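Single chain ahead, written as structure tokens, the form predicted on its own.
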């Protein structure tokens, strides 16, 4: 039997991926260029018994997503840069309270209102460092419409598995692009649900580290009662200032991600085996980079592409290995220099690292990237 195929916009694929993953709740506020995600889910979720709510602002939307997740619903919100800025305090709350949820950021130019209808990739450091305090972060950066679908599913899986917010960042170009997408059959892609407690309600502790780095999470309304707070806390969920408890909590929440980088990380490499120059790029810019690689190879220039699909945790190990192999790395991104500094740090001086950026609302084209490669040859 032939699989279902459709011509979809990236934002539509995102909504479809959320439904495939088992999402039953959306809260958000309209903002260009992400609004189609909300529009699609406002139509799709009620059909499967889910809930859609347009809140009065971005802050309330993030609060609603956290509340819905605590009841056991897989929950999502979709926004763009200014909206993520407003959500940051509650993203931090979701981090410390360990509440699974997915945040879609269809990136545009900025700062402030910037370019609502223009693409950008200047929120990538915000995804890691936007909220305050020490915390782990997972952020995924798809570059095709098909990948938006699959990475949205994976975002839910990671959120549920590691009990934390996960961000999916794709720029306006991919969000509004239409491409052919093949829908996977039910069960074809893995769908992970959070681990429920096996102890009685009387014995349950929501942050009990003896149950592992990611303690089981009960759903409100299921007979389990527990305290949720943005304060540092003991295993029972109630606030504490005891140094040993605070230290243990902070370290566990970071380590649950950093100890499992191999499970979370996803990258694509193209013609890197003999590459003397590496193009390091993500999202829609990586599409231009791949074209540039093909054109440069025709000219006899040994160049390859490294494309992170997981941006955070940063793919440090593989970036470092490639830096030892290459003469130079060209980091192409639609900003004035963000991930280039992470690449430079991982390269540890083993090769030259240069940046090719653009912030005028136009995509970085293959010719720009090719010219920069020739500069560093």
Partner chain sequence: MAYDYDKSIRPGKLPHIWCPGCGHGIVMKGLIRAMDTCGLDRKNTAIVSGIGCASRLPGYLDACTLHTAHGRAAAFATGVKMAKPEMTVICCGGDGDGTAIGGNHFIHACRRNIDMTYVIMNNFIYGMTGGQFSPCTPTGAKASTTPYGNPDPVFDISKLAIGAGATFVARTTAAHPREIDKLITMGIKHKGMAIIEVLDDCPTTYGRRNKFRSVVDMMKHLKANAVPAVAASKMTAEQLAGKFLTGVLFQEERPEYTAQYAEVIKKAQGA
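The model shown is predicted, which means the values in this text are computed figures rather than measured ones. Residue numbers count along the first chain shown, from 1.
Heads up, the form predicted in complex with the partner chain isn't pictured, but that's what we're talking about next.
* Contact check for 48, 64 and 89 against the partner chain in the predicted bound form, heavy atom at 4.5 Å -> Yes, the whole candidate spot contacts the partner chain.
* To do: With the partner chain left out here, work out from 343-351, 48-56, 306-314, 323-331 which stretch has heavy atoms within 4.5 Å of it in the predicted bound form.
  => Correct option: 48-56.
* Asked: Taking the partner chain in the predicted bound form as the reference, which of 270, 183, 245, 226 has a non-hydrogen atom within 4.5 Å?
  -> Exactly one listed residue reaches within 4.5 Å, namely 226.
* To do: Give a yes/no on whether residue 189 approaches the partner chain to within 4.5 Å in the predicted bound form, heavy atoms considered.
  => So residue 189 does not count as contacting the partner chain.
* Asked: Though only this chain appears here, would residue 31 touch the partner chain in the predicted bound form if you measure heavy atom gaps against 4.5 Å?
  -> Taking the distances in the predicted bound form, the answer for residue 31 is no, it never comes within 4.5 Å of the partner chain.
* To do: Although the partner chain is absent from this view, report whether residue 193 comes within 4.5 Å of it in the predicted bound form, heavy atoms only.
  => No, residue 193 stays farther than 4.5 Å from the partner chain in the predicted bound form.
* To do: Decide whether residue 71 counts as a contact residue for the partner chain in the predicted bound form under a heavy atom distance cut-off of 4.5 Å.
  => Although the partner chain is absent here, residue 71 would touch it in the predicted bound form, with heavy atoms inside 4.5 Å.
* Asked: For 231-248: residues with a non-hydrogen atom within 4.5 angstroms of the partner chain in the predicted bound form?
  -> Contacts from 231-248: 231, 238, 239.
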